[in-house]
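Take a look at this one chain, the form predicted on its own, written out in structure tokens.
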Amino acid sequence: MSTLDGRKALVTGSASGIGRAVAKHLGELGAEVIMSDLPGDQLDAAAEEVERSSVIAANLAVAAEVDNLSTRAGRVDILVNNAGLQHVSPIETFPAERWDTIIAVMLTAPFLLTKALVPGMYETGWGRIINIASVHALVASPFKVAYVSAKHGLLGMTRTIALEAAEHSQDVTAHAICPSYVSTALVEHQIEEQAKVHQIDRERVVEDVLLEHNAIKRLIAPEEIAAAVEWLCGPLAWTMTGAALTMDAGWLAH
């Protein structure tokens, strides 16, 4: 028997990167997985790799599409709020519309999905809300005002949900995973941008810029985040409800 037989999971941003790895791993563990991302061939191709999966495409920047996603998903045992995007700019030139989109996708959508789906978890007495946050939920970096603000807010929301859920069941928990840089398409794009700005090669960008604060100079693999999600779906997750699970390779040890 797989550890998540009979459970249903919803993973946002699951066409690539962390979300794709998490969806695949949850499927391997026996869960029925709903994969959500922007519509397109990439999402459909990702779903072909995931056992017991289905697809509900949605633009999480649009509240009506978020509501449609939660309605179509129905009862969900595991909600993984992973979808995200980035924009790098000084605050004085940061486009207001990019701020609105990043906050909508990375903070408002997790709120709306949790609001819609957590009552079902209370009813069954078991549930996991797992928010893929970031080391930037705990510390800031310049030129990423919307991303840092969204991740700080996501961690605060995680803690609030944990306190409220504990009043209903010790088996309904909320968690924030806070990794440093993960090897994803989002990060690869940042590497290209930083290489142009600093006029250095890719390898130096990774070690000298992205991993400057890491004690261990390695990018995290998406599959390593998926393994953390597996642990948080296990029976000991109650001991960490409301916590920030840092996977920062020593960034915050300084």
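Heads up: residue numbers just count along the shown sequence, starting at 1. This one's a predicted model, so the numbers in the text were calculated from it and none came from an experiment.
Form predicted in complex with a small molecule: not shown, discussed below.
- For the marked spot (Phe111, Met157 and Gly242), a heavy atom within 4.5 Å of the small molecule in the predicted bound form is absent from each of the three residues.
- In plain terms, the part of the chain that comes close to the small molecule in the predicted bound form, with a heavy atom within 4.5 Å, is 99 to 107 out of 159 to 167, 70 to 78, 99 to 107, 117 to 125.
- Between the small molecule and the residues Ala45, Ala227, Ala185, Ile216, the one pair within 4.5 Å by heavy atoms in the predicted bound form involves Ala185.
- Note on the partner interface in the predicted bound form: the residue among Val55, Ala61, Ala221, Leu211 having a heavy atom within 4.5 angstroms of the small molecule is Ala61.
- Although the partner is absent here, Ala133 is a contact residue: one of its heavy atoms lies within 4.5 angstroms of the small molecule in the predicted bound form.
- For Cys233, no non-hydrogen atom is located within 4.5 Å of the small molecule in the predicted bound form, even though that partner is not displayed.
- A residue is said to contact a partner when one of its heavy atoms sits within 4.5 Å of a partner heavy atom; Ile18 meets this definition for the small molecule in the predicted bound form.
- The closest heavy atom approach of Thr173 to the small molecule in the predicted bound form falls outside 4.5 Å.
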